[in-house]
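Consider the single chain below, provided in structure tokens and representing the form predicted on its own.
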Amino acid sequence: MDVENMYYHGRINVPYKWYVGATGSRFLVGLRDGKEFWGITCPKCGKVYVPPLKTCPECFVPNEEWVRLADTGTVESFTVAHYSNGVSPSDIPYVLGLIKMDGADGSFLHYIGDADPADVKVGMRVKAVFADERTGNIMDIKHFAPVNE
């Protein structure tokens, strides 16, 4: 007897908690309580990581020295999303950018707002715009907005 394969198409909502560790917690508390960006420095190569990493991925030594960073940076890359995944805080189209924070060596992925997606460019200067109510997560940074310097 032939069996017809049946499929149920559904969406599963799975609430969860994820501990960000002591390093991630300190970073998020800085955003929440002081609207401050904190990076962490590798004692061997001197690179500054933001978001902070507990261990330098190149030297494999613990990062221990915290440094306060500016809330400004430069767009290194970006993409314009024309598809809603249901969890984005913005209507489509929206822009996700890799932002190199001033004083850091890596890039930071976040939303770019207050700009027409057609106007976003690599090399554009941006500044963090914080949420009015901050709760200790990455969305305490509402988005990055273009700045004129």
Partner chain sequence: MEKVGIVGVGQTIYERRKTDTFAELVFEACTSALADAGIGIQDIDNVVTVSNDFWDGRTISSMAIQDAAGAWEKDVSTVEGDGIFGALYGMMRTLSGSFDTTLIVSHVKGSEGNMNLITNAMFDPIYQRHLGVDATTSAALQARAYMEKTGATEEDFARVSVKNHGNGVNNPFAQIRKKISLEDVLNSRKISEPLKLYDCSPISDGAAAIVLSNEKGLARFKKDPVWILGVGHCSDSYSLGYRDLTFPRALQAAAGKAFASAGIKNPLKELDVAEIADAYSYMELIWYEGFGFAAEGAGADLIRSGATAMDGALPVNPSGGLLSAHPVLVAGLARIVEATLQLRGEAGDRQVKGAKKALAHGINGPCGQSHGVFVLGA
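Residue numbers count along the first chain shown, from 1. If you're wondering where the values come from, they're calculated on a predicted model, not measured in any experiment.
What comes next is about the form predicted in complex with its partner chain, which does not appear here.
Enquirer: Tell me, which of A70, V122, C45, V61 has a heavy atom within 4.5 angstroms of its partner chain in the predicted bound form?
Expert: That would be V122.
Enquirer: Check each of G113, P51, G30, G103 and return the one that places a heavy atom within 4.5 angstroms of its partner chain in the predicted bound form.
Expert: Contact residue from the list: P51.
Enquirer: M139 versus its partner chain, in the predicted bound form: is there a non-hydrogen atom within 4.5 Å?
Expert: Residue-level check for M139: yes, a contact with its partner chain.
Enquirer: Is there any non-hydrogen atom of S107 lying within 4.5 Å of its partner chain in the predicted bound form?
Expert: Looking in the predicted bound form, residue contacts with its partner chain include S107, since a heavy atom lies within 4.5 Å.
Enquirer: State yes or no: in the predicted bound form, is some non-hydrogen atom of N5 no more than 4.5 angstroms from a non-hydrogen atom of its partner chain?
Expert: Answer yes; at least one heavy atom of N5 falls within 4.5 Å of its partner chain in the predicted bound form.
Enquirer: Does P89 reach its partner chain in the predicted bound form, with heavy atoms at most 4.5 Å apart?
Expert: Taking the distances in the predicted bound form, the answer for P89 is yes, it comes within 4.5 Å of its partner chain.
Enquirer: Using the arrangement in the predicted bound form, list in sequence order the residues of 91-105 with any heavy atom within 4.5 angstroms of its partner chain.
Expert: Y94, L96, G97, L98, D105, in sequence order.
Enquirer: How does the C-alpha distance between P89 and Y83 change in the predicted bound form compared with the present structure, closer or farther, given a change of 3 angstroms or more?
Expert: Distance between the C-alphas of P89 and Y83: shorter in the predicted bound form, by 3 Å or more.
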